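Heads up, the chain below is alone and in the form predicted on its own; it's given as structure tokens.
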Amino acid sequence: MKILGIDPGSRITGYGILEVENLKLFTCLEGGAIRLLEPSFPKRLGQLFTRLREVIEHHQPTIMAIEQVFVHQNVQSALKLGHARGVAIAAASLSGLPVFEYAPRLVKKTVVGYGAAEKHQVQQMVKAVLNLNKLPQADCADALAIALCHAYHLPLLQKG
């Protein structure tokens, strides 16, 4: 099974492809950050859709896991994040991928053991669990953490 993890953003969207074998062996196939450089927000969304479709076509994941929207202080940022999530979900849906959503605190609790973990803690744990040679970039680490969160929840999902 291949899981596409997405950490959506209106400027930078992290992604990670995780291969899962026997619900225990995790291999990072690719991870990165899609930098959206267009000045126009609608054009950035179009660019995001195109890039995600390319990633999906190249890796042929079987599932997509994505972070849920959260509102910290800026409602406008949350709305833009919601648009980016919608584009990612549409790209996955067009490819026939089932989509699973996870709250940021659940991802951190599942991967790091602490729901209010800092970014660097997520990066360190992702590096350790996936046996990576170097610390992944923050958005990439978040996307891989979301994929790991889904992988860790697979036994529960299969029971219910």
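Heads up: residue numbers just count along the shown sequence, starting at 1. On a predicted model such as this, the values are computed, not experimentally measured, just so you know.
Note that the form predicted together with a further copy of the same chain isn't included here; everything after this is about it.
Trainee: Is it the case that F49, even though its partner is missing from this view, gets within 4.5 Å of a further copy of the same chain in the model of the complex, heavy atoms only?
Mentor: Yes, F49 lies within 4.5 Å of a further copy of the same chain in the model of the complex.
Trainee: Answer for R35 alone: is it within 4.5 Å of a further copy of the same chain in the model of the complex, judged on heavy atom distances?
Mentor: Flag for R35 set to no.
Trainee: Although the partner isn't part of this model, could you tell me whether V99 comes within 4.5 Å of a further copy of the same chain in the model of the complex, counting any heavy atom of the residue?
Mentor: Yes - in the model of the complex, heavy atoms of V99 and a further copy of the same chain come within 4.5 Å of each other.
Trainee: G115 versus a further copy of the same chain, in the model of the complex: is there a non-hydrogen atom within 4.5 Å?
Mentor: Close contact is absent here: in the model of the complex, G115 is far from a further copy of the same chain, nothing within 4.5 Å, heavy atoms only.
Trainee: Taking 4.5 angstroms as the heavy atom distance cut-off, pick the stretch from 119 to 127, 40 to 48, 102 to 110, 54 to 62 that is near a further copy of the same chain in the model of the complex.
Mentor: Selected range: 40 to 48.
Trainee: Q76, L79 and I89 - do all three of these have some heavy atom no more than 4.5 Å from a further copy of the same chain in the model of the complex?
Mentor: Every residue of the candidate spot has a heavy atom within 4.5 Å of a further copy of the same chain in the model of the complex.
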